[in-house]
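As a starting point, one isolated chain is supplied in structure tokens, in the form predicted on its own.
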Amino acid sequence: MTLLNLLASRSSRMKASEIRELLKLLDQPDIISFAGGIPDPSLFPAEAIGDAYQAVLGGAEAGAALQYQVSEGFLPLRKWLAGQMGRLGVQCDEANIFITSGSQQALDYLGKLFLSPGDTALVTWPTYLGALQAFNAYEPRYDQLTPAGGNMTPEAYRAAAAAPTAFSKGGGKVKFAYLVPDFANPTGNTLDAGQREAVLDLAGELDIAVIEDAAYRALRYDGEAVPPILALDCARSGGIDNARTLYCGSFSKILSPGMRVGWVCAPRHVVEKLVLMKQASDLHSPSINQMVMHRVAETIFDDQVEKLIGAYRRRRDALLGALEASMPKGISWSRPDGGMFVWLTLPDGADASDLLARSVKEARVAFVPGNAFYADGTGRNTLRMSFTLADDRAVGEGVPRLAKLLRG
């Protein structure tokens, strides 16, 4: 007996993450991996987190920590986050903050909230693979978002969204634009203020939402910070409750991914809908993790950011230096001002998936092929390298091995 013939149509859009599969390579000690975009566990504030758990469970908060929680999230944490958003130029209060089980859950909820089958999501080419996975379950189409300027007019986007395809009878609408404006996964690129304003201009003409994924925003190593799209939107619209931008934040890259605490900062009417989804999905994110995260964040967040910036800046610089010294002509790469990633472009006709198979077998070096990040499966001559786990040995040995393979 099989149940596969009973599956919903959306299940056909669910694909295994190439990145999650590649993380299995980390269990092989002789593999030098630039694949997983994960923080260095040696830099986690484990002692502070452990102390916070002990304090919460050993005091008057223990009962609340082990009890059900309101779906919106732990109130003191939401107030702290509202204060942090204020520092970024977004004036809001706790009613505009919604706690999620990581920002990945936020993307899933927002896809569920906005996308009907056949609707269109605008995404950059390439974009974050996890966002595509989150949205795919709701059976959308994708169209290319070009913040730096392109030849797609609002009318062209609307016409493409409404046209029939092999998977849709047509009649769909453009619902939102999704992007990672700061140190994007996978390219490492950052949008300047003008490009962010252009995204808001397009969203206004199409009357759509903007999903701003800010997972890496705090990890800036060079240059001046650019205001979040939500801050620019609030300045235009007169306040957050009139804004069309939904800001997704996360503690995963700064404090701990394992605690699974993220958030959405959005107009109240959107938060109210997200709360209903949370109630139907998992009721609330773990109470104890939220309470511990609040204790840790309000005491060491800024210091932890500075520690990570110092460590990751050195690793970024080492990777860029090794690429400059080793890579053959015809290969280019991004030079990110922050984040976790460097994006390589190989000569036309190259296939990074084939290269990966050879690299793992012959050079024992892993990376992520770039086509995984393209909604249309193109970009086969690109690849992503992460430097957050790349110590001096990994960079000093791994990059020359990969460069030797590329020379043939």
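Note that the coordinates shown come from a computational prediction; the quantities given were computed from them, not determined experimentally. In case it trips you up, residue 1 is the first one in the sequence shown, and so on.
Form predicted together with a further copy of the same chain: not shown, discussed below.
The closest non-hydrogen atom of residue 350 lies beyond 4.5 Å of a further copy of the same chain in the predicted complex.
Contact check for residue 242: no non-hydrogen atom falls within 4.5 Å of a further copy of the same chain in the predicted complex. Residue 46 belongs to the set of residues with a heavy atom inside 4.5 Å of a further copy of the same chain in the predicted complex. Contact annotation: residue 284 falls within 4.5 Å of a further copy of the same chain in the predicted complex, judged by heavy atom distances. Residue 105 is the only one of 105, 326, 334, 304 with a heavy atom lying within 4.5 Å of a further copy of the same chain in the predicted complex.
Listed residues 133, 124, 189, 120 were compared with a further copy of the same chain in the predicted complex; 133 is the one with a heavy atom within 4.5 Å. Site residues 80, 84 and 274 are none of them in contact with a further copy of the same chain in the predicted complex, judged by any heavy atom within 4.5 Å.
Residues within 4.5 angstroms of a further copy of the same chain in the predicted complex, judged by any non-hydrogen atom, belong to 276-284 and to none of the other stretches in 150-158, 232-240, 203-211, 276-284.
Contacts between stretch 194-223 and a further copy of the same chain, counted in the predicted complex as any heavy atom lying within 4.5 Å, involve no residue at all.
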